[in-house]
Every structure is written in C-alpha cells, then in structure tokens.
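As structure tokens, one chain now follows by itself in the form predicted on its own.
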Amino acid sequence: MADTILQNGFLDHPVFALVSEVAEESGVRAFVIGGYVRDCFLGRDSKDIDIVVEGSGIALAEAVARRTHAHVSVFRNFGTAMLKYEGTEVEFVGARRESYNRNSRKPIVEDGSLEDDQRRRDFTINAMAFSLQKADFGALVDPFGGIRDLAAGIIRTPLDPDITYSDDPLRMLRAIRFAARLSTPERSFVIVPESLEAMARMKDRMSILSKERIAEELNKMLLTERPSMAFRLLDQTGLLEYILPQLRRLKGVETVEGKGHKDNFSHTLQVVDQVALQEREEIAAGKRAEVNLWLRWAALLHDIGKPGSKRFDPAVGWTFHGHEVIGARMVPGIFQELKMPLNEKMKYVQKLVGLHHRPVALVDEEVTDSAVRRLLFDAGDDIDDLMLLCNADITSKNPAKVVRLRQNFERVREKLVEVEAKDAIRNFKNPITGEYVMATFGIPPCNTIGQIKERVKDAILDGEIGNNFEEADALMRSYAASLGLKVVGQ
C-alpha cells in the first residue's frame, strides 16, 4: 500500500519529506490525516494539509518554521498551529482524545495516540492517515475501514453514531454536506441507515449549536453541484424543521374538487439545482467568474411566501397571488434568525425574491417597452441574476410546456436587451435633481420636489418622454406649472 501511495504521487509535495525529517529529529511521530488523504484517493485537488503529531503539534510546527523561515500562526487555545509552505497551508495539531459535556460541543481534551485521534474524527473517510515516519513513509493507517467506505461511497461514523452525533451535533450537518459534496453523476455517496436513524433521534441536540455554524454548513451545502440532495436529507432526518421550518412548510400537495397544486418543496429544490447548473454553464462559457452563494439563497427562498398566500378559487383552482411580496418580507427575519448578514447580501436576496415573478408574468402578457423599462429599473445591475433565477423557475412535468415557456422567456430576454440598448434604464438616474427643481422654482426642500421627480421618472419609464435632460426639463416645467409653481425670474 505504501509503495502504491508513493507511486501515485500522493506525498510528492516537499513539505511531507521536510515534516518527516523534522519530526524524527524532534523524537515524535507525525501523520497526514483527514481531508487531504480522502481527496488523494478521490483524485481531487486539496490545498489544505492537516498533520497530527503524537506530541506537541505547535512545537513541531515551530521547528518546521525555523527550518523554512516561514511565519507560523499559533492558536494555543485550540492546541494548533499553521504555516504556509510553497503555497500550501499546513496545520499541525497534537493527537488527542476527547470527551464531551452534554450541554456543550466544546470537548474536554487530553493528549492521546494516533488511534485516539482517529477515533474522535467525524467519519471513517476522514479518519485515514498517511505515515510520515521514514521506516514506513506513506503507509496508510486506516483502523476503521475508511478506504473501503470511500470505494463504496458510504458516509459512516467511526464510533456508534449516537455517540458521535450526541458529542458534536454539527457532525450531522457535516455528514449531509459531505454526501452532497462528494457525490458525482457517476456515483452517489450515501449516509448509512443507522446513521440517518441516529440523526432523527439526535435532532434535538441541534439546540447546542450556534446559528452561525449552522448557517456556515447551509452555505456549503448550497455551493455543491446538486444542493437538493442535502436539503432532502435535512428533511428526511427532521433537521430541516429545526433549521429552516419555513422551507419545510412548502411540502405537500392539497387537492380540492379534484384540483391540486405542485409540491412547492420539490419545485424549490429543482430550481436551486437548475440555478447551480446554469451557473456552471456560464462559468464554463466565460460569462460568469464564480458561483454566487446569494443567488442560490434567492433560489432556495424564492417561493417561501407561498404558504402565506395560498388560496383556493373554485373557478381557477389554487392561487398564490402576492407570494413574492410575502416572501420578500420574510427574508430579513430568516437571515436574522440564522445570524446571516443583514447588509447588501440580504437585500440582494430580498430583491430577487420580490422580483422573481415579474419576468415570468411578462411571458404570459404583451411584452411592452414600459413593463420592460420598469423591470430594468427595479432590478438594476442584478437583472442578469434575476433572469437566470427566473429561467430556472420554469419547471413542469410536461416537457412541451417547458419548451414553450422557455421560448416565450427568450422573447422577454431579447426585449430586455433591446430596451436597455435604446433607453439605458439599468442604471437609471433621474435627469432632474432636487437641487435643480429648487433653483428653478425658488422653493425650499419640500414634498413637492419629490412629487415632481416622481412624475418625471414615471414618464421616462412609461415611454412618455425620452431618457434625456431636454425632454425631462420640459415635462418638469409643464407639470410644475400645473401645481402653481413659477420659474424664478419669470
């Protein structure tokens, strides 16, 4: 096994030989452990290397830093140290055993052996280690069958899952996140049944987690290639009801007089997956630099207002009129509850949730220049993300209907380009300023100024006048005269 590992180049990075040499001189044993080992076998790049030391991880890191003249960051509260070597972050920690108080996920830590350290790891696939001892350099140390589980696509805890999840309930979210992150179209990773059952039993332990840590895991789930897998597992285990009950309430189909509606939970997850797919396609085509976490949050929450707007009309069936308005109002509360940023990122999500129905509504109506101008004005620079979300929102079990809707949607997209090129509305600035109104009519700050500016803005967006100062000024003077205002000096 060691020869195979070396032949595969898993330990080619010069840091491993260096750590091996310094560890021998220091009289301690060192091992590469965790995600780097797992990713080696999966053929994935890994920039972060974790070294576990049977002894002081900080002391070994400082000894390596002295040899390389690298800066080392020491975190004594956690017993860890980190340095960068040839572009790679290397973290050192002493091998330890842990025990937990039931009311906290902060462990009681004692020095331990490599096997003690592997035993405390979250999953077997993250508990594998490579030896850095010269006698068996590169040997795989795998007491819990991580390599077997990796080959089988299995997420399993080294110990009884009730113990693992009760000690640190964040591991339940990590299990789900790893299942989604490691899965590929060729092979899905699954969480073993006994582990899923333990999560359902342990879901109340989530109460000891900070909202910030929960949100961090949700963000990582959303950034996977198929986020729906993670959220279905959250629902299956009962964790979703604790974390994001508003999303859980989208589940289910109600039928009255033979008329039912779609399952909005399944629809939402389909939209999130389609947003993720479209982002990857745009990145591959050079149209987008990177994935947008907040666009994915907008996709996840875009229909969150449907339960509050749901009505049955005997003439047309189920309606959800105004769900986008209700949903937009819910976004700040959801972000606040999860301790997520309440800055421009939240406002971006709120904007997309509030506007996501507008382009779809245009598909079913006459696409007027006025409607397109108002959409461009309200969306601003986020119009492209809004259109991506709305395109992903077109779902149906009827393929012909999807094709028809997407063709109509392309008409809206073409109209957006045409109107934007002609009227430059995306970054609209009113040609008439408040200062200009006050100087022209000799009036102090008052509500009338806003009234005049609003009239000019509406006229431009409705196509009554062009988006230029001359026409705006003429309208301003005419409208102001109807309000009894006179130009200074006349």
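Numbering starts at 1 and follows the sequence shown. The structure presented is a predicted model; accordingly, all values stated were derived computationally and were not measured.
Only in words, not in the display: the form predicted in complex with a small molecule, which the text now covers.
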Distance check, D50 to the small molecule in the predicted complex, heavy atom within 4.5 Å: yes
Exercise: Q274 in contact with the small molecule in the predicted complex, heavy atom 4.5 Å: no
4.5 Å heavy atom contact, G34 to the small molecule in the predicted complex: yes
N126, heavy atom within 4.5 angstroms of the small molecule in the predicted complex: yes
Residue among K306, K351, R296, R177 with a heavy atom within 4.5 Å of the small molecule in the predicted complex: R177
Contact assignment for the small molecule in the predicted complex, among D385, D122, D149, E279, heavy atom within 4.5 Å: D122
Heavy atom of each of R38, R171 and R181 within 4.5 Å of the small molecule in the predicted complex: yes
Contact segment among 227-235, 113-121, 354-362, 257-265, judged by heavy atoms lying within 4.5 Å of the small molecule in the predicted complex: 113-121
